[in-house]
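Take a look at this single chain in structure tokens; it is the form predicted on its own.
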């Protein structure tokens, strides 16, 4: 049956119209990824709005996965040739990519980065096919208490890992997102909340306008304040033979980086940039040439690009099995799945078992399309970096407005986008991460509905939660995370060290 599902998925993606959409979406993702500041999250959010009314839902899913893979992979080109990562996921790539380009090997660096990006995504597909059914069966043992604590755990870990040293800012951001998700009719009794008689507000705050506002506006505004970062280095010859020789010599490192990337991707809300950095550090720690990392060692590029691209499949695993996104782009992807009439979660394998295989096959085709397009269009996409931002950013702004409007053909969504654009600017100024906020908006309905349902079944008591092993495990992990982030353990260690002296 699984083989038949995969054959059907191949037939879907090879249909002329779907194949054209895949190529166009992947190319658009590459261009968005090349441009510094325009993240994969923003690319998927824009395309979600533009594909909302596409007749065939499979076509929309193919396009969304294509732009996801393209955007994550495209960021390496500006990281290598300009020393400015096109997306946060490619930050680690710049460490060795730019020095290698300065040494006259920019083409070799881009060939290696693009090829291992494709390999990382392909390896992660294996885990999508194997881990998703297992995690889905495990999630069938979840009840309301477990889903409530799972959402809290996701927001806590996302806040801690994205706030850059101040977890409280991340947690506040996540809590604010949960509060925004409560606006409109509640999911249990359809009771009107925080709408103040406004019919538009009563229908709830749509995720895509919030997403576009939070991620799009700050980047558009801040792009005018950033310095260009210097001249774009020349794209030299790819030197394919040497590139394959380097990749062949680092197959163990590629496998290790893929495992790290998938593992990081599964953790809710962490993101591809963490996968890239952890893979980079692991490669450096195990390499005999550790001293040359940061000065143009191709191993650093191999590790970083394999790690961040394997996060794509890793982040999709909890989306499909638990309906909990593993990264900010995956959060938009989850919303897009729901918008196109798919219901990720524990019941997915019984309701739509073919969907998991569809997503896996589409990722395979998207990664191959990305590899071919990225190498074929490299000279063209790199020239995009020379476009004047005074021309480029108004175009991006117009796409933001169109993407928000096309969700419901309602100007109210455009107003929501503007409001959250201002919120995003404030958060950027205060260095409050936006990813936990988005995760809170996505998980808010699940958090609210499951908590209220559990309390109704227990007559308002929290005690049944402490009698469930999975809940106790979640509570223990959440408590440990909070105590470690507020410095209690470090204070205790300092106190013990003081007594020892």
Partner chain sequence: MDTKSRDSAFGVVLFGIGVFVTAESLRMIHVATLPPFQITDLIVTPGLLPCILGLFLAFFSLLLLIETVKGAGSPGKALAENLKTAWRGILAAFGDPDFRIMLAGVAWMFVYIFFILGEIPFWLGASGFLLILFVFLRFTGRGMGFPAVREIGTLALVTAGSVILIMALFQGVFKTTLP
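Residue numbers count along the first chain shown, from 1. Just so you know, these numbers come straight off a predicted model, no measurement behind them.
From this point on, the text means the form predicted in complex with the partner chain, which you will not see here.
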If the cut-off is 4.5 angstroms on heavy atoms, which of these, 362, 371, 98, 217, is the one near the partner chain in the predicted complex?
217
By the heavy atom within 4.5 Å rule, which residue out of 129, 401, 282, 259 makes contact with the partner chain in the predicted complex?
401
Partner contact check in the predicted complex: of 286-294, 423-431, 86-94, 248-256, the stretch with a heavy atom within 4.5 Å of the partner chain is 423-431
Report yes if any heavy atom of residue 452 sits within 4.5 Å of a heavy atom of the partner chain in the predicted complex; otherwise report no.
yes
How about residue 244 - does it come within 4.5 Å of the partner chain in the predicted complex, if we only consider non-hydrogen atoms?
no
Check whether residue 221 has any heavy atom within 4.5 Å of a heavy atom of the partner chain in the predicted complex, and answer yes or no.
yes
Quick check on residue 13: any heavy atom within 4.5 Å of the partner chain in the predicted complex?
no
Just give me the residues of 167-182, first to last, that have a heavy atom within 4.5 Å of the partner chain in the predicted complex.
168, 169, 171, 172, 175, 176, 178, 179, 182
